[in-house]
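This document opens with one chain alone, in structure tokens, the form predicted on its own.
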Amino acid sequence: MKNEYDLVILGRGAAAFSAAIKASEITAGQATIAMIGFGPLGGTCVNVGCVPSKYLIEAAKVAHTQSSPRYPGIEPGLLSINFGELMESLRRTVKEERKERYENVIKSYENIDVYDGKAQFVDRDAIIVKNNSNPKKLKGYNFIIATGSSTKIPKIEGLNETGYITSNTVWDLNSLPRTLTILGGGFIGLEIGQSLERLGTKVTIIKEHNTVAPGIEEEIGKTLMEILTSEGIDFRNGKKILRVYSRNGKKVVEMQSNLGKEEVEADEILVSSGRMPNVADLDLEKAGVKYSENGISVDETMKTSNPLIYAAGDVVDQKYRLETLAASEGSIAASNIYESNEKRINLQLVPWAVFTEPQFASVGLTESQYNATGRKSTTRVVPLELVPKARILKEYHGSFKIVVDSETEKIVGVHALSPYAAEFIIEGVYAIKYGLTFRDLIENSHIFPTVAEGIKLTSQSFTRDLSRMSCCME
């Protein structure tokens, strides 16, 4: 391996792979690239994030459908779950995906050297790679920091002594906990919580705020909480956790509210209180890179305060921490380095989703966010039950919301709580990107019957009474 590279990438996850592949493509494989990191290749998404969580979600959905069929004439079946076998199959799937999409892929690029170890800057253009062998110094003409994020562990008395699991370690479970307490109201906690509830665990979620999760439109979030509560999840909102301790083989969470102290007892505790950027121990001061506890500061081109160094993905100080966003930013950083471009990321065009059942998906601004800009919005909300395909699916709880500028009628936000919402939210992305109005969406036919038709129906509700429309009315 070399001591000097055209591009040095810190990290081995989605942003790092995207950057390395893009740089290789642009330079026709001529750029010498070093990729440095530790742990399994692929980072959070494939190993402990998107892949295992969605596997568990789909498995739990099958179990839920079998035990609670929607249609008359179909009786509930005898549900038998071998949780250990299910989790072993989950881990095999993760291993296969990692090998197919990361390990085998990186082997096909002869210009990329992969290092195992932790990287630290020693100068504005040099790092040290530390592992169990001798440290190795590498110089680079350009750098991309893509070290990702880690689970944020709150400072709660007794938590470390009592023990807990996180979204990184829950995949190691072989026995289904009878009871589970989740600390925090994040998206990951909602997904894992509903999945384990459907598989037979009694789940309690404790959080300080009163919304189901931050960033969700208020009325839609209220509906999602009602759905999850109806399935058995116990939300303890507006609670401040005081301490955690063990009692008779159980884990006890003591909390405080305006009504006084109360306790929840469980077999296991899942910490789901957000993620923090991996900036510690990088010695960014020596590289002249500005950062805070929220992440590395970058401009819209992903460049840091050191013009030789870019950053991408979860390590960046930004609103979203998403695998697809990380990959986009890695690609943009590489393009800007090697093509002297100034490609930019527009966070208003980044869709995101919560893979509960039903799914929540969103792009653009909420009503309150848009009004906070000083401009005026007009909105419409359409209940899911007005969508014919939803009625066919026997899915009645959910809604669609579109936010438009009151003057121009251009769409600035699209939000949906429905089956398959993550699959069709891209329509909202294109609407915002190309400055479409709700009238533009009305003019284009949608396939009937689909749940995605809810976006068109919501657009039509700006100008007519939906109860006086026949199916497929243009």
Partner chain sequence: MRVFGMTCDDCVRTVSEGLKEGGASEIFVSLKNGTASAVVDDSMIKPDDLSRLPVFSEKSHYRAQVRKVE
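Numbering follows the first chain given and starts at 1. What you see is a predicted model; the values in this text were computed from it and never measured.
FYI, the form predicted in complex with its partner chain isn't displayed, but the following is about it.
Its partner chain is not drawn, but in the model of the complex it has a heavy atom within 4.5 Å of Y338. Within this chain, I26 lines the site of its partner chain in the model of the complex, having a heavy atom no more than 4.5 Å away. With a 4.5 Å cutoff on heavy atoms, N142 counts as touching its partner chain in the model of the complex. Although the partner is absent here, H397 is not a contact residue: none of its heavy atoms lies within 4.5 angstroms of its partner chain in the model of the complex. For the options A31, L436, C50, I57, the residue carrying a heavy atom within 4.5 angstroms of its partner chain in the model of the complex is A31. K343 is the sole member of R380, R98, R321, K343 with a non-hydrogen atom lying within 4.5 angstroms of its partner chain in the model of the complex. With its partner chain omitted here, the record of contacts in the model of the complex names 134-142 of 209-217, 134-142, 82-90, 323-331, defined by a heavy atom within 4.5 Å. Residue D6 is the only member of 1-19 with a non-hydrogen atom no more than 4.5 angstroms from its partner chain in the model of the complex.
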